[in-house]
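First comes one chain, alone, set out as structure tokens in the form predicted on its own.
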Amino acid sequence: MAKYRIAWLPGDGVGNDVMECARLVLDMLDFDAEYVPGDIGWGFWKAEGEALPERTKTMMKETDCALFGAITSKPKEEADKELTPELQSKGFIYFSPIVQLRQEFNLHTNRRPCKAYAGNPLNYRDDIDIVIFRENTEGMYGGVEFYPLPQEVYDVLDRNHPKMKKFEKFGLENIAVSTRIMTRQGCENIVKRAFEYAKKFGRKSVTVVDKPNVLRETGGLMLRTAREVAKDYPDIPLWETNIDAQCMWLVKNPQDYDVIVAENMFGDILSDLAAQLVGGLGFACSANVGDDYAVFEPTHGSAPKYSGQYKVNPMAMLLTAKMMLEWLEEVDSAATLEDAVMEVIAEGKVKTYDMGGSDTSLQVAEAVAAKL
């Protein structure tokens, strides 16, 4: 019997390609696992009206964690049109399966390291080593939205906020509302995770990013909570920045930043920006972590035009597998894998098109496996 049971979720497009690369490398590490395949992705939405079938969630509850490839998501109208004819106009609503997983498994912490590896020609600078902590279940991605705006919702908002009245003239059928719901508990949890990480790994600072001068209630809650949490970590400075300024400063002086913490949407934006500084999404790995379960995924999309061509950079997926090994406390295997990735990047002999090469995803993965 294998030591671990891993939910294996390739998803869509190049998700299948990069997961094949991950399997090749994990097998070379002699990682003792049973990989349990799960149905997830655009094909299941079109055929069943559910991109994350209930059977997949049930299966995942019997595993230690999940490794996830990539997912295709489209706007509401496009998603509706791609349903099979017999399912159209039957009330099916598309929800991003990765967002569902984060919320249903309470994967409250999204951790995204952005590290410049020596020899990568795409590095903005070679001294960048940033870890972004993104609250994963609340904020602008909490999913509480309305269109058109129901009368009863408008009435409640109108009674409690004087600025609602000015929108009434447009007609409720023309108003869309997305909420940004944040809790003290959610803010406290993500900031504590950031500080604990900084303490454990000797990081020099934690920067909390929001926009409290405009988003006074939600941003203010995040900032006040961060200041309270910071009191328990007197040896680690807390820096405070606004999201717009932080984007500029990340481009200007990325080497100044160490651990960054933000709510859901702002964390998403910052992690993509930071990823580009160290080579792009082909190097961007992430972990969605809860109290007793985790889903690991590269942050790139499904790139359907490249599906099956083994064209995209698999390093993000291999570094994601490294994060999974760390979470499972297979720290020696994780370190060995990262060393192999670093060697292949530094040598620069085998590389995909984004790095100026012509090698396939599998050839890169084979080069990493050879180092193991």
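Worth saying up front: this structure is predicted, and the values here are computed from it rather than measured. Counting begins at 1, following the sequence as shown.
Below: the form predicted in complex with a small molecule, not depicted.
Novice: Is it true that S96, V99 and E297, all three, sit within 4.5 Å of the small molecule in the predicted complex, judged by heavy atoms?
Specialist: Yes: each residue has a heavy atom within 4.5 Å of the partner.
Novice: I'd like to know whether R112 contacts the small molecule in the predicted complex, with contact meaning heavy atoms within 4.5 angstroms.
Specialist: Heavy-atom contact with the small molecule at 4.5 Å: present for R112.
Novice: Does the small molecule get within 4.5 angstroms of any non-hydrogen atom of D268 in the predicted complex?
Specialist: Result yes; D268 sits at the interface with the small molecule in the predicted complex.
Novice: Could you confirm whether Y141 comes within 4.5 Å of the small molecule in the predicted complex, counting heavy atoms only?
Specialist: Judged by the heavy-atom cut-off of 4.5 Å, Y141 is in contact with the small molecule in the predicted complex.
Novice: Choose from 224-232, 113-121, 249-257, 133-141 the stretch whose residues reach within 4.5 Å of the small molecule in the predicted complex, heavy atoms counted.
Specialist: Among the candidates, contact is made by 133-141.
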